[in-house]
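Starting off, we have a lone chain in the form predicted alone, written out as structure tokens.
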Amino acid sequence: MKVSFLGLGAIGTPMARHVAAKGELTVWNRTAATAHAFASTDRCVVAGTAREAGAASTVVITCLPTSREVDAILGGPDGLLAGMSPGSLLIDCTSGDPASSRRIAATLAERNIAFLDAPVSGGVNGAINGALTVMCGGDDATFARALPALEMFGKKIVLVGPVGAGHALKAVNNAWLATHIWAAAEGLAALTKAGVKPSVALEVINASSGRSNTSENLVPQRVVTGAFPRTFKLALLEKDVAIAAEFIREQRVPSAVTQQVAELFRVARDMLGEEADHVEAVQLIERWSGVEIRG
């Protein structure tokens, strides 16, 4: 299978590496040096423009920060649309927004190009291990066409609904992640001030009904140790929660918790900066409450 992969970021690079190991690959990145560095270690061709990448394969995968970047590389004389041929397929693994997905799909359909929104979850480790969860939005026929490519880097691959549904589900998933992080920080800060050791609190909670991936993995490995490795930017999580908040409002569902968490992570992004890791949001609770959640 010939695949073009656009977007060699922290998640995209290991995803593309799996594709390169299993088929013919063309890569393109907004920073050309990144693409050439990738090609120096992995068997692939580097495209000079998005248009060249689109023309090189019948299956094109994008993995960019937001839907805005996908829009940006689609249009213009050197854009994807200028290179992709009728009958080809665009798989968007960006954590984008549902409305943009539907609009992009409609534009592509006018040129007989299929579209599947397919955001991924599992982080850098999941991408490295080829064990990502892939949430797909589209029709059955498009999903079937995309599946061989998705299986190169995904472990659990599910068609969750029509175009846009994959991006909606990814946003809601990440909104839950943000909610768990914030709630855990508030609770553990209060318990620490009351004399309960965080590790003891987590031992009990993780054997009880309040447990989550955040309490079982993120807090023990990062917060309690004070390590805070930078694996997934807070800015990207804030973007995803904002998408979820807007999506839920559009569905006319009461969403007081999600709207509040979206605002809290907006504040956290403003205060901690664009390079902060998503778990570093805990540091705001520590700062505001005057206690560190350690030990």
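A quick note: this is a predicted structure, and the numbers were derived from the prediction, not measured. Note that residue numbering follows the sequence shown and begins at 1.
Separately, the form predicted together with another copy of the chain exists; it is not shown, and the next lines address it.
With a 4.5 Å cutoff on heavy atoms, Pro162 counts as touching another copy of the chain in the predicted bound form. Looking at Gln260, you'd find a heavy atom of it within 4.5 angstroms of another copy of the chain in the predicted bound form. At the 4.5 Å threshold, heavy atoms of Trp176 reach another copy of the chain in the predicted bound form. Among residues of the shown chain, Ala106 is not one whose heavy atoms approach another copy of the chain to within 4.5 Å in the predicted bound form. Taking the partner from elsewhere, no residue among Gly48, Ser100 and Phe143 has a non-hydrogen atom within 4.5 angstroms of another copy of the chain in the predicted bound form.
From the list 88-96, 196-204, 70-78, 145-153, the contact stretch for another copy of the chain in the predicted bound form under a 4.5 Å heavy atom rule is 196-204. In terms of contact with another copy of the chain in the predicted bound form, the residue from Val223, Leu188, Ala114, Ala127 that brings a heavy atom within 4.5 Å is Leu188. For the partner-free chain shown, Glu238, Ala245, Glu246, Phe247, Ile248, Arg249, Gln251, Arg252, Val253, Pro254, Ser255, Ala256, Val257, Thr258, Gln259, Gln260, Val261, Ala262, Glu263, Leu264, Arg266, Val267 of 229-267 come within 4.5 angstroms of another copy of the chain in the predicted bound form, judged by any non-hydrogen atom.
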